[in-house]
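Here we start with a single chain on its own, the form predicted on its own, put down as structure tokens.
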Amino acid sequence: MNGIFTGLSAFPLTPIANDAVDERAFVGLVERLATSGVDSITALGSTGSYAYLTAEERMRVSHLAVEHAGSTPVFVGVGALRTSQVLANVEAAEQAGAAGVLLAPMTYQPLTQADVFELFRTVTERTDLPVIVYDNPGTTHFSFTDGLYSRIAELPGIASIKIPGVPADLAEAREHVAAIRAAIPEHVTIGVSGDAFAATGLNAGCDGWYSVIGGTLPVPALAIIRAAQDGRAADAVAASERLAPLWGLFSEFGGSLRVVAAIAEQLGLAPAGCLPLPIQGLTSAQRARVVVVVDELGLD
């Protein structure tokens, strides 16, 4: 099993100021993660707004992430609409010194299972970097099947699969994770996403957590995953349930990105209006709700 593709992988924002990457804020987030003890950092994930950045911005962010992460492994998101663009992003990640790449099948025209398999086949043929399969139907509008997981996972260089949130019921989650595990080689890890379901996914057998909240608030995220890794399943659930008001805001406000950006802004980790336009972020009333939750939970 790939050791660096387990544990907590934290997904930082790529803060924007004046329609450009705020390099100082991004470096601050990366250094904060590196000193917190997260197991890896994934730059340019969906939380990192990769789809909104130019190739040059993405290259610069990749270099900054690796440069300031110290000994913490850095994975870099390389998804793009065209295969040639993906390959250019992979080359940039290689040049930056990334430890692996995260690939989502971005789409405008609907993609077929064959399209997606060929994308991963092409990428794994062209790079020696380990590849994380990024299954995020909420943003890509493409859903993997267990059969496609199996075909892709047999390709050389596939290291991990980032799966969507698991069923809330632990028995159902175990069945779901076991079905994926049975379909893929032993060395390919399974990482849960969907932060509200992370504790359940980890207790159900996932090897790691690809975490949105971990990129801005690593301490409470580490409390969840370390409990799960130590076999303290109830403690992992309790640590997650403590954050239930935060998970509720994710659901109420249409996802995690705007909420996490508001938290980073509130804590002084990112400039006001740090998301790329046309994403407006939360309203004043919604931000006030976030502030209350941050204060009540003592998040920092």
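Residues carry their position along the shown sequence, with the first being 1. Predicted model, so just to flag it, every value in this text is computed and none were measured.
There is another form of the same protein, the form predicted together with another copy of the chain; it is not shown, and what comes next is about it.
When another copy of the chain is placed as it is in the predicted bound form, which of 222-230, 135-143, 174-182, 92-100 ends up with heavy atoms within 4.5 Å of it? This holds for exactly one stretch, 135-143.
So another copy of the chain isn't shown here. In the predicted bound form, which residue out of Ala153, Met106, Leu129, Ala196 has a non-hydrogen atom within 4.5 Å of it? Contact residue from the list: Met106.
4.5 Å heavy atom contact, Glu265 to another copy of the chain in the predicted bound form: No, no contact at 4.5 Å.
Going by a heavy atom distance of 4.5 Å, is Leu53 a contact of another copy of the chain in the predicted bound form? The answer is yes: Leu53 has a heavy atom within 4.5 Å of another copy of the chain.
Heavy atom to heavy atom, is Gly147 within 4.5 Å of another copy of the chain in the predicted bound form? Because no heavy atom of Gly147 falls inside 4.5 Å of another copy of the chain in the predicted bound form, the answer is no.
Answer yes if any heavy atom of Glu118 is within 4.5 Å of a heavy atom of another copy of the chain in the predicted bound form; otherwise answer no. Glu118 belongs to the contact set for another copy of the chain.
For the spot marked by Thr83, Ala114 and Gln280, is every residue within 4.5 Å of another copy of the chain in the predicted bound form through some heavy atom? All of them do, each having a heavy atom within 4.5 Å of the partner.
Let me know which residues along 223-261 have a heavy atom within 4.5 Å of another copy of the chain in the predicted bound form, or say none if there are none. In sequence order, Leu257, Arg258 come within 4.5 Å of the partner.
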